[in-house]
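What follows is a pair of forms of the same protein chain, given separately as structure tokens and numbered structure 1 and structure 2.
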Structure 1
């Protein structure tokens, strides 16, 4: 995760390099270390080093790492000829490298040659079945072709091996949601909450799915997870505040006064509404009438 300090340092270095103040290599190293995507900048500043023999030779063994970094950035920018040239240099230096073979397969994918890329990834996986990047590239090919059922199958098989991959669970949940398979998406978010219980976005996404599913039990659970999101964010998540109001209103309509055990519901709703009004006064005072109208439609005074 990129911290504010990291982001400040990255932006400072980026401005420095863009304005001719030097530090291109330090900037590229930081981009790689933080795993952020700045393909246009990486391509521009990476090529400025690679095209200068003196600068390139000063890198030592890191020259080959830069060729790899620039090739990936070039594919992101659809500068496929540049990517091809970088990969050729790496092929010449490392003719039997599986890592370079992976770059070749990614280039095929970038060109839209799905069958060839799939064949290349499958071949590489035979030699290294635990390569997570290769598995994920196969998922991306399935998604690019609109084969979401295939992507789901591949992700489920992947998660049988790499059960602790949070990004894969989140990706699977998003695919399920796009296909309106909300129960399956809910299961994915349950796994995420079990493994990362203090991440508010998981609680919020799970609550959204349960609210979409509807029904008294799901709404009651959704309300709890909207409340936990509010708690984890210090009361500053606007979506969760709205969600809590919506759930409480929907529960009241379904039970029509029969749910006498839910004594805290109206109180929570009033607190959420007050927090929303305070937030809107500070950040969007011009939209307060819209907020008031929305809260009135939920019968919140």
Structure 2
């Protein structure tokens, strides 16, 4: 997790490095520690260190991890030649290393040679069947080829062992959604809410899935999760506000004619609508009529 202080420090360092103030190595270390994705900057500043023999040798053994970091950043930027050079240097230094083997496989994948990459990954997995990165790379190959059901199979197999890996659950949920398998996606989002109960994005996504599924019970649940998102974000999330309005009107439509159990519903909706109006007035006054008509159509139906 990247905390606020980490982020400000990172931005400060980035600014300093960009303006030629030095501290490139510290910046690269921080990027690696926080696992943030800044490939262009890493590539630029990492190469500037690596191309300077004096700076490079002053790193000592950290030189090699820098090669690794730069090669991955280079692949991220599609500078495959740079990545290849970096990996070649590493290969020379550590001929038998699995870690370098992994980089080579990733390079194959970056070139789009799926079959070769797949073969390299499965070879590496035989030696170390519990390497999480390798499993994830295989999923990404399947996904890159458009083989979504294959990706789902691989992810499920991975999650059978590493079932506390919430990033994998999120990936699975997104794949399910893209295949319109909402029930499965809902399960994944429940899992995400369990592992990180205070992240509003999971609540929001879960509510979206439930709303899409439809049905009175799901709609009521969705409304509750939209409400929790509003609570967790302090009412700043526009999508959650819209979702709440939509849910309330959909519930009202379904329960029309029946006696209403949900008494506080309309009030929450009007509050959400008011919050939306206020937000639009502040940030996009030009779109106010659009919002008004949308809300009106919701209330009428």
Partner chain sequence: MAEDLVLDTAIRDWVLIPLSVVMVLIGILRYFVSKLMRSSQVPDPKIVKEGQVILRARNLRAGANFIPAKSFRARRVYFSNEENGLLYVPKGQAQNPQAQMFSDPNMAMDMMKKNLSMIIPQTLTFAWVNFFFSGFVAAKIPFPLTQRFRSMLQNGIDLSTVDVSYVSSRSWYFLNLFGLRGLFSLILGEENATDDTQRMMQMSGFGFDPSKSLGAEKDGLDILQHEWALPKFEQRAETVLRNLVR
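Numbering follows the first chain given and starts at 1. Note that the rigid core is defined as the largest set of C-alphas that superpose within 1.5 Å between two forms. All values derive from a computational prediction rather than experimental measurement.
Exercise. Where's the form predicted alone, in 1 or in 2?
Worked result: Of the two forms shown, it is structure 1 that corresponds to the form predicted alone, while structure 2 does not.
Problem set entry | Did residue 280 shift 2 Å or more between structure 1 and structure 2, C-alpha, core superposed | Yes, the C-alpha position differs by at least 2 Å between structure 1 and structure 2.
For this session: On a rigid core superposition, how far has the CA of residue 289 moved between structure 1 and structure 2, in Å, if you could check?
Result: C-alpha displacement of residue 289 between structure 1 and structure 2: 2.5 Å.
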